[in-house]
Structures are given as C-alpha cells and as structure tokens.
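Shown here is one chain on its own, the form predicted alone, set out as structure tokens.
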C-alpha cells in the first residue's frame, strides 16, 4: 500500500494536473465539453487505488482523471490525451483515458454506464478463477440509476469480486444529495441487496484506503461485493465553467476549510512525517512535472483525419 507521503503526492498531482487542464480550456487550447474536475475529492481516488494490486481493474466516471493518476498512469500522456494529441493514451481520439495494462478502463459520459461493465469484468475474473477484483467509481447522482441497482443485485446473486465505490460529493450537478437520497446514507442501501455497506470519510485518504482494502480482502477471499460510500465535498463546480450559484459563499468557504489536501498535509506535519521544506519541494516538483506535460502536449501532433477509422472495435 502507498505510504502517507505517497498518498499526499498523488493528491497534489491530481489537483495540479486537473488545474492545468482547466487552465488550458480557459485559454482555448482545448475545446469540447468543459473539464469535469475532482477538486476536493482527491483523497477518494488516492486512498482507493492504494488498496489495489496489479491485475485489479478500475472503472471511472466522466470525472476520471483522479483514478487515472492514482492508478499510476503517466501524467504526460494523460495531458496529451486531454489536448487531443496523438501521443495520448487514446491517440488523441477521446479524453476518456484507457490503459488496460494498468487496469484503467476509460468510460464515457453516460451516468452509471460503467457500473454494469465493471460487474461484467468481475464476473469474468471469477469465471477465470483469478483473485483479481473490479472497483467501480460512481457518484451520488448515479446511485439512483437503475444500472447501479441491477448491478448490485446481480453482484450479490453471483458473489462477484466487485467493489462499488460511491463517491458522494454532495451534489448531482446542482441537486443536493439530501434532496435526491432520503435514506440516512447510500451505504445503507447495501442491506437491501444482501451486501455489506461501509460509510467512510472521503476526505481522509487513509480511511478510504482501509475501507477499500477491507472490501478488496473480502472479495479476494470469495466473500463477494461490498458497497463503500465515501463522503467528500466538491470544491469546484460540476464542470470548470460552473459558477455554482446554487451554493452559498459560506458553504463553499467551509468546504475549502475541510480541503483534504490541506487537512492531510497538516496531519502529516503534526505527526512529524513532513517538514515545510519537504512539502514545498514536493509541490515544486509536481509543478515542474505538469508544466513539462503541458508543453509536451502542445508540441505533440494531432491525429490525421484518416486515423478516425483506426482502432475501432465491434
């Protein structure tokens, strides 16, 4: 499992890469749909992926850059893909980054569509007789989709090695989760499927890591699926251009006070694991790494039109 310092570095790398993506969009260097950032949610991906091993498979949402980084993908190639360049993971054809060798399956923007695919992979892993697991991220909004309920029920029926990780950031676009979910927690729904459910502080990477590690151990031992709800806070808008008029300034300010990076860095400093000098050096290294990734993306070629007909599968 990744060390505490490693978890902090992963969280910082996620935030800086995504910020660079948003900055490039604001400069019109990147077009298309505005970036969907996971600012404030970095601890969920960092902690969850730290509990996995090679051969395990991760399925992401449209807000997927955080798990990609946490799973160890190259930020330079991620950035190239976001810029739509041939040197990216998908050869510049889709920013839904995929790297099967690292167990990262790129998904589209259909809410909850990744959940039944992850269940299918978990079934394949079981039929092959492996002890590998599938972990699928989905949000609080997706938790109300039929695809999630059907997948959870099948996962229970077939005792699949699947971790259902609900990344509850408090909002489905602009709808508060308290409006959309009347149960005490999304994790409580697990009982209806006959599955164990766990509620964890999604702003604490160690708590997330431990909860997911317990679910992974249960799945590897043949115990089946676990539903984990990680409660976190989305610090930015649903997309990069979202002004968040549906949230009060006081709410947003309070959320920033609970920033997982700020909180975890202070925790490591208080424990004597991180000095101010080491923290500043880490941030400078990450800043330089992402700056180099941006420049690499800018200088990389775009795909030729004919390449749209390559790498097609049916």
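Quantities reported herein were computed from a predicted structural model and do not represent experimental measurements. Positions refer to the first chain, counted from 1.
Only in words, not in the display: the form predicted in complex with another copy of the chain, which the text now covers.
Using a 4.5 Å heavy atom cutoff, 156, 189 and 194 all lie near another copy of the chain in the model of the complex. At the 4.5 Å threshold, heavy atoms of residue 144 reach another copy of the chain in the model of the complex. In the model of the complex, at least one heavy atom of residue 183 sits within 4.5 Å of another copy of the chain.
Contact annotation: residue 132 falls outside 4.5 Å of another copy of the chain in the model of the complex, judged by heavy atom distances. Another copy of the chain is not shown here, but in the model of the complex it comes within 4.5 Å of a heavy atom of residue 149. For another copy of the chain in the model of the complex, the listed stretch (224-232, 175-183, 162-170, 209-217) containing residues with heavy atoms inside 4.5 Å is 175-183.
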